[in-house]
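In the structure tokens that follow, a single protein chain appears in two forms: structure 1, then structure 2.
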Structure 1
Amino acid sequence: MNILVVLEDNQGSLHRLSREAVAGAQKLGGSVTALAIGKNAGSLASELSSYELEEILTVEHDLLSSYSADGYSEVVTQVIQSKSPKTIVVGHTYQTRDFMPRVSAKLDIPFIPDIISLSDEGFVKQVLNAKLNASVSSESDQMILSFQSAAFNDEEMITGSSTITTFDVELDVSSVRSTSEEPFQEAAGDVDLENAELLVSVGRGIEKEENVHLAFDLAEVIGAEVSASRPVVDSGWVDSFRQVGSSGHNVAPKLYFSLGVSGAIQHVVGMKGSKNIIAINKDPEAPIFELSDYAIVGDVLEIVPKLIEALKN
């Protein structure tokens, strides 16, 4: 085995980023083995049974009935020790951020996270608040990689066959130190962001809470809902149910009109499916412009009031 892909259980089915990770691992080349952990391991494995994989390992254990960083990192460590893969691949998700660094430290294997693409020079990730890209490499014999959303396309997974094998782990009660309660969702707001046809999205470029009304005014004129980037929500300027991005909503409206949003990857993953993207940003190099149909270089505080007037006439 050359590559081990560690799969993630997303409420009973395979996490989308795990499928993309399999596609990415197949692109890297060599034989690929997948690992499914926990009480749904069997069904996760069967979701992959018609793809080209050397083997799908399943691990089940009483101590793995719910996720824990201790339990999962111990399982992955034991599998790596027994199978010696050169590369370990996961999706860049909240769960892998939580336990893969433990595997990295246990086995002294470097972990290159948040990869958006492959280049001749190495693995590409965003740095400096998404203002630049960097290529990262490692000389180590083994490495761990995590692929950001949409780094690879799961439709490009190579079909074929594989066998499902149980892998036995040794875990004792003392190795899992945490107890976790059932996951829950907080009360949602009264706005259905995910089904909104038009969105005006406000970012930190709006500068002050007093200016946020500009987004609401513009939204009213064109009949849109208002969404926001995370810092705007964190500052308390806009309700959290309006947040778009990896820790907020996934939206794909007919129009996404962003005001002072930089276009960091965690924001972009939540809105890149939008049909038309208009962005106003005073920085001509803002990453949001890369995916915009219309890139307006300028000051939102100057443009938006005039635009509202122009649209009213």
Structure 2
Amino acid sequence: MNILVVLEDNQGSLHRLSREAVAGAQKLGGSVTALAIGKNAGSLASELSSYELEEILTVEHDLLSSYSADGYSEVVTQVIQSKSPKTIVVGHTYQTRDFMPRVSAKLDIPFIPDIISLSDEGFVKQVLNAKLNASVSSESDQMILSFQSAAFNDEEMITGSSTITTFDVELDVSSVRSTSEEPFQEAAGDVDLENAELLVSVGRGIEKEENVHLAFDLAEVIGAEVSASRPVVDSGWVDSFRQVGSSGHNVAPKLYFSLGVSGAIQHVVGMKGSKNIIAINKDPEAPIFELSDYAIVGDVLEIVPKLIEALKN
């Protein structure tokens, strides 16, 4: 085994960043094995059974009925010790940031997090608040990598076939002492921006807090989540857990609907992986239009109410 991809359960389905991690692992080259953990391990494995993987390992145990940093780190540690993969790959999610450093420490394997792409030298990370890219490499025999949202496109996963195998682990209550809320989240609320397929994002073009409801009204009509740029969050108009950008979430929805977002680089690095981008802005020179699939030059406060009414009808 050259590469082990550790999968994440998103309420019974495979997390989008795990699919992207598989796509990234396949681009690294060599044989790829996936690891599914927990009560939904079988269904996660089934989702990947039609893709080119050497094997999909499933681990189910009474102590793994819900996520815990203790349980997951112990399982991954045992699998690595048994299978000896050269590279361990994961999506850069809240859950990864919680348990994977423990695996790194237990096995003394370097952890290179938040990778955005591959390079001739190794891997590329963003530094200085996403203002610069840095090439990173490791001379270690093994390494752990986490790929940032939209670093790879899950639609580019190589199809094929794979076998599903049960992997037995040794766990007891003395080694699994921590518990987490379900679903595990770092921030308040039940908003999962990084896994959302539709996002309505609000920027300074909304002008004042009293107008923010337009974003939520539009999101409700189309079944989307609401995100925001940093100036809107800093103004206290929207909760911080909705922020997208270099100091917030990295997202890659099927549709990113931008309302009055100018498109500063700090925001763009967090949403440039979106499959389709619709932008409304009064400024015809707004940077957001440079990467938009559909651009509407106009006043958000005039256009959005009419759009909501039309969608409702």
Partner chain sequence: MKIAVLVKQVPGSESVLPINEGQSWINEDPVTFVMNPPDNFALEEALLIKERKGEGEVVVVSMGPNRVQKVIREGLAKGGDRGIHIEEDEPIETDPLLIAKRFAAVLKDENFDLVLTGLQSDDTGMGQTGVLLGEILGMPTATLAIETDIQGESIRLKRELESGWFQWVQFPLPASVSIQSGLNTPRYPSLKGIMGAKKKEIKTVLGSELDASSRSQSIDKVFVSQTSKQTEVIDGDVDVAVQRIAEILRSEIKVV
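Throughout, residue numbering runs from 1 along the sequence of structure 1. Please read these numbers as outputs of a predicted model, since none were measured by experiment. Think of the rigid core as the biggest set of C-alphas that the two forms share within 1.5 Å after superposition.
Q: Kindly point out the structure, among the two, that is the form predicted in complex with its partner chain.
A: Looking at both copies of the chain, structure 1 is the one that matches the description.
Q: Under a superposition restricted to the rigid core, does Ala252 display a Cα displacement of 2 angstroms or more between structure 1 and structure 2?
A: Comparing the forms between structure 1 and structure 2, which are aligned on their rigid core, Ala252 does shift its C-alpha by 2 Å or more.
Q: So, superposing on the core, is the move of Ala34 at the CA at least 2 angstroms between structure 1 and structure 2?
A: No, its C-alpha moves less than 2 Å.
Q: Rigid core fitted, is the C-alpha displacement of Gln243 between structure 1 and structure 2 2 Å or more?
A: The answer is yes, as the C-alpha of Gln243 shifts between structure 1 and structure 2 by 2 Å or more after core alignment.
Q: Val300: how far does its C-alpha move between structure 1 and structure 2, core aligned, in angstrom?
A: Superposing on the rigid core gives a C-alpha shift of 17.3 Å for Val300.
Q: Core superposed, what is the CA shift for Ser274 between structure 1 and structure 2, in angstrom?
A: Comparing the two forms, Ser274 shifts 7.2 Å at C-alpha.
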